[in-house]
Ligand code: HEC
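What follows is a single chain, given as structure tokens, in the form predicted on its own.
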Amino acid sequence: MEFLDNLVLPQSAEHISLLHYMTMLILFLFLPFISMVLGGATLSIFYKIKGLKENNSTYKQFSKDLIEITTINKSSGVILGMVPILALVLIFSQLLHTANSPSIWYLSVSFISITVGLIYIYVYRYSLSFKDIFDSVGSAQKDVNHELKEQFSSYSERAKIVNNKSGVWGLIFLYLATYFYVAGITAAFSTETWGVKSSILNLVSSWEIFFRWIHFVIGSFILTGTVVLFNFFYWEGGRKNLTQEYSNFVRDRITSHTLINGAFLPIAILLSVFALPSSALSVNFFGLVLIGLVLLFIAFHMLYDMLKNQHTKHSGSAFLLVLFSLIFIVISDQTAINNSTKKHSVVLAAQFEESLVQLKAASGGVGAISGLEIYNTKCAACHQFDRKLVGPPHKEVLVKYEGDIDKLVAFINNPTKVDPAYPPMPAQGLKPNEAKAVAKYILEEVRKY
């Protein structure tokens, strides 16, 4: 996006490294949250529809619990959902400055879609509660007049309509947002897409993006499952007000969903890895992916044990293992981006150094250049202020230049042999403003002796 390119300043090599670390920290917050919301909202709407069709109160309650657990609260949607993806847009604008990569455009669309999707999902969450309240109050007021009952019924019906529409639209925008997010990250890997005009056809037909998105969706359901188990059975000692029947239902359903998705995850990871260009791959990358797979294998073993032996004692450990696995996957992705953009980062760093030199030259002022730094680099090896070294001490020879800095600058630029007792001073190759800076420093400093 051209307007972002115009806002970006050249980056030093240190700044570029810092941006990579910032990206990892942002993704540590963003990915777990958006994965939970995506998986939780999908399962919530699925069980809500199932509960309405079968008139099953357990399904309806489970639907409500799922969306409340995974969306946390409205503030989380802003802090963990919207702000991080906006920060990623700005960071990638700097990392891929002048690369003309479609990554920035994809991430910008993802930010807009996530914002809209989260608004719809939170409307879905709270309208689900409002509908239950209206239904409960309306059915409890048996002695009220018919008009009031009609009013409660009307409110309940409106809440139902809002709930149905917001849930569906929320999921549409979230799935769209995650696809564009994956496309943005994939485009950062794929240097061959830089400079190529992006189109919807390229986006939809890219098997690299599709495989990585499937990997993302499957991972979202796995993380959601372990989060729900963690919340129900481990956090603060587990929920105490659950009936045994509902507790068994949650354990069996969520564990089954998670294991089914887990069966496909290794294949999805391998396909997404094979989709990466060779420039993104390295020993470190494969090592991080392997660690993530090992952690997932242990977590799935625990979940299978929970389902087989009908217990919940591994719910906390399984969640932590899946979370750490996600962290290693994030680091591996960032390693791949770093590998792919290494040459471009060198170009950006060189542009930074060049712009810095041009800025100093354009300023033409002494203050822009350190006289002390030039003195230590060029002069200190042969000169001291108060004692003889290769050349004479400054305090003995600089008296004739007092009040005439231009004369000293001329000598520094074109030195001549003055005292036969000392060897001739070689030309230092300084620019005019550099010579003036060091001359000013010497004349100011010699007054101290």
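Think of the rigid core as the biggest set of C-alphas that the two forms share within 1.5 Å after superposition. Everything quoted here is computed from the prediction, not taken from an experiment. Residue positions are given as counts along the sequence shown, with the first one as 1.
Beyond what is shown, the protein has a form predicted in complex with the ligand; the following relates to that form.
Asks: So the ligand isn't shown here. In the predicted bound form, which residue out of 43, 408, 27, 36 has a non-hydrogen atom within 4.5 Å of it?
Replies: Answer to the contact question: 408.
Asks: Choose one stretch from 43 to 51, 415 to 423, 59 to 67, 27 to 35: the one whose residues place a heavy atom within 4.5 angstroms of the ligand in the predicted bound form.
Replies: Selected stretch: 415 to 423.
Asks: Residue 400: heavy atom within 4.5 Å of the ligand in the predicted bound form?
Replies: Close contact exists here: in the predicted bound form, residue 400 approaches the ligand to within 4.5 Å, heavy atoms only.
Asks: Is residue 442 part of the interface with the ligand in the predicted bound form - any heavy atom within 4.5 Å?
Replies: Yes.
Asks: In the predicted bound form, is there a heavy atom of the ligand that lies within 4.5 Å of any heavy atom of residue 430, even though the partner is absent here?
Replies: Residue 430: contacts the ligand in the predicted bound form.
Asks: Taking any heavy atom pair closer than or equal to 4.5 Å as contact, tell me whether residue 379 reaches the ligand in the predicted bound form.
Replies: Because a heavy atom of residue 379 falls inside 4.5 Å of the ligand in the predicted bound form, the answer is yes.
Asks: Can you tell me which bits of 384 to 399 touch the ligand in the predicted bound form, meaning any heavy atom within 4.5 Å?
Replies: Counting only heavy atoms within 4.5 Å of the ligand in the predicted bound form, the contacting residues of 384 to 399 are 390, 391, 392, 394, 397, 398.
Asks: Is the shift of residue 61 between the shown form and the other one large enough to count as movement, that is, does its C-alpha move by 2 Å or more after the core is superposed?
Replies: No, the C-alpha position differs by under 2 Å between the shown form and the other one.
Asks: Fitting the rigid core first, would the Cα of residue 51 be found 2 Å or more away between the shown form and the other one?
Replies: Stays below the 2 Å threshold, so no.
Asks: Core-aligned, does residue 17 move its Cα 2 Å or more between the shown form and the other one?
Replies: The answer is no; the displacement is under 2 Å.
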